[in-house]
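Have a look below at one chain only, the form predicted on its own, in structure tokens format.
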Amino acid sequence: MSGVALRRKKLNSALLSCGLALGLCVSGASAAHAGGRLLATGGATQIEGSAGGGIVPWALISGYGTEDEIGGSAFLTNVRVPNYDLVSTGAAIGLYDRVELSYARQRLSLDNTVLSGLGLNISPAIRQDVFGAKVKLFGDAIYAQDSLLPQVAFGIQYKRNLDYSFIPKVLGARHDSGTDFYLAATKVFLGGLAGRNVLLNGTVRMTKANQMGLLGFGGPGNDSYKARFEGSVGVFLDPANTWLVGAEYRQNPDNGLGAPLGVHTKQDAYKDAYIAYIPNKRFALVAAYADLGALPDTTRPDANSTSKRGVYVSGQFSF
């Protein structure tokens, strides 16, 4: 085994150990503490492991721990669109409603038609680890109803693509790892719409990730950070806040992937419309209709698929 391969193996082992340690920490904390915040104030878990909606991180801290408690969550999410299947699993821990640490492992499976235009009849998978950290800076999304000031949090997501050398590198991605930086502002307006509680969130993310990093970072057309907007809106349907419906939008950078193959694989914005069922503080279920835009498809002359739309389903356990 070469020195580079050996160092990469050791680094992957270290990252996996950190993820497992975080999971054990969540489990241990779950046994020792009980969440004291109101129902639904921990949000769901977005696909990269942070507290938020399905595709957008919010300023809320994971779990139901108050400023004197430790909370957390674990999740399993599946997004299925034609030719692509994404599974994301992970856990997060919220420390004193101030700091959040998270980990997610993503696995994107491609069916055997995606690369058939290159003469490859295979069904590859691309894996990625995402380590996140978030700090609440100021404000309170729920309790400060006498002020329009939202809850504001700063977060980072360090991502390492474990299968960079095959598809991402061939498409022209410049790096196998990268870090996203984001600033999120979240506010819940109690009785804000016909007596229903309304959630609004805006997030600005600095990123150069291709498809969240699953296709690497940077590219032939751009290798610099770009600011991208993400937004969420939700309306609670009942006074107990057990049903939430809403929509999300997330911009992505276009780094000109595909140039080495003489094509330009676009990266469109993600969109979804969701419904969340939160019967208690232990369990939440989210279902959504998701539009991921065009994805790479070598069977088409421009190597871009038509817009990929499908189903998003996520289950979450919290404390």
Partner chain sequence: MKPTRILLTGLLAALSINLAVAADSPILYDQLGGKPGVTKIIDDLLTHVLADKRINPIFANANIPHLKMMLVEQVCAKTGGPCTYTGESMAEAHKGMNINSAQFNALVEDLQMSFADNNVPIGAGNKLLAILAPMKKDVDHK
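Keep in mind the model is a prediction, meaning the values are calculated, not measured. Positions refer to the first chain, counted from 1.
Not pictured, yet referred to below: the form predicted in complex with its partner chain.
A.B. asks: Considering non-hydrogen atoms and a 4.5 Å limit, which listed residue (204, 87, 142, 137) is close to its partner chain in the predicted bound form?
C.D. replies: Spelling it out, the residue with a heavy atom inside the cut-off is 142.
A.B. asks: Scan 99, 125, 120, 233 and let me know which has any heavy atom within 4.5 Å of its partner chain in the predicted bound form.
C.D. replies: Of 99, 125, 120, 233, the residue with a heavy atom within 4.5 Å of its partner chain in the predicted bound form is 233.
A.B. asks: Can you pick the stretch from 246 to 254, 54 to 62, 259 to 267, 282 to 290 whose heavy atoms fall within 4.5 Å of its partner chain in the predicted bound form?
C.D. replies: Contact criterion met by 246 to 254 only.
A.B. asks: If you check in the predicted bound form, is residue 38 within 4.5 Å of its partner chain, heavy atoms only?
C.D. replies: It does: once its partner chain is placed as it appears in the predicted bound form, residue 38 has a heavy atom within 4.5 Å of it.
A.B. asks: Are any of the heavy atoms in residue 156 no more than 4.5 Å from a heavy atom of its partner chain in the predicted bound form?
C.D. replies: Taking the distances in the predicted bound form, the answer for residue 156 is no, it never comes within 4.5 Å of its partner chain.
A.B. asks: Does at least one non-hydrogen atom of residue 192 fall within 4.5 angstroms of its partner chain in the predicted bound form?
C.D. replies: Although its partner chain is absent here, residue 192 would touch it in the predicted bound form, with heavy atoms inside 4.5 Å.
A.B. asks: So, residue 175 and its partner chain: in the predicted bound form, are they within 4.5 Å at any heavy atom pair?
C.D. replies: The answer is no: residue 175 has no heavy atom within 4.5 Å of its partner chain.
A.B. asks: Going through 58 to 72, which residues have a heavy atom within 4.5 Å of its partner chain in the predicted bound form? Please give them in sequence order.
C.D. replies: Heavy-atom contacts to its partner chain in the predicted bound form: 66, 67, 68, 69.
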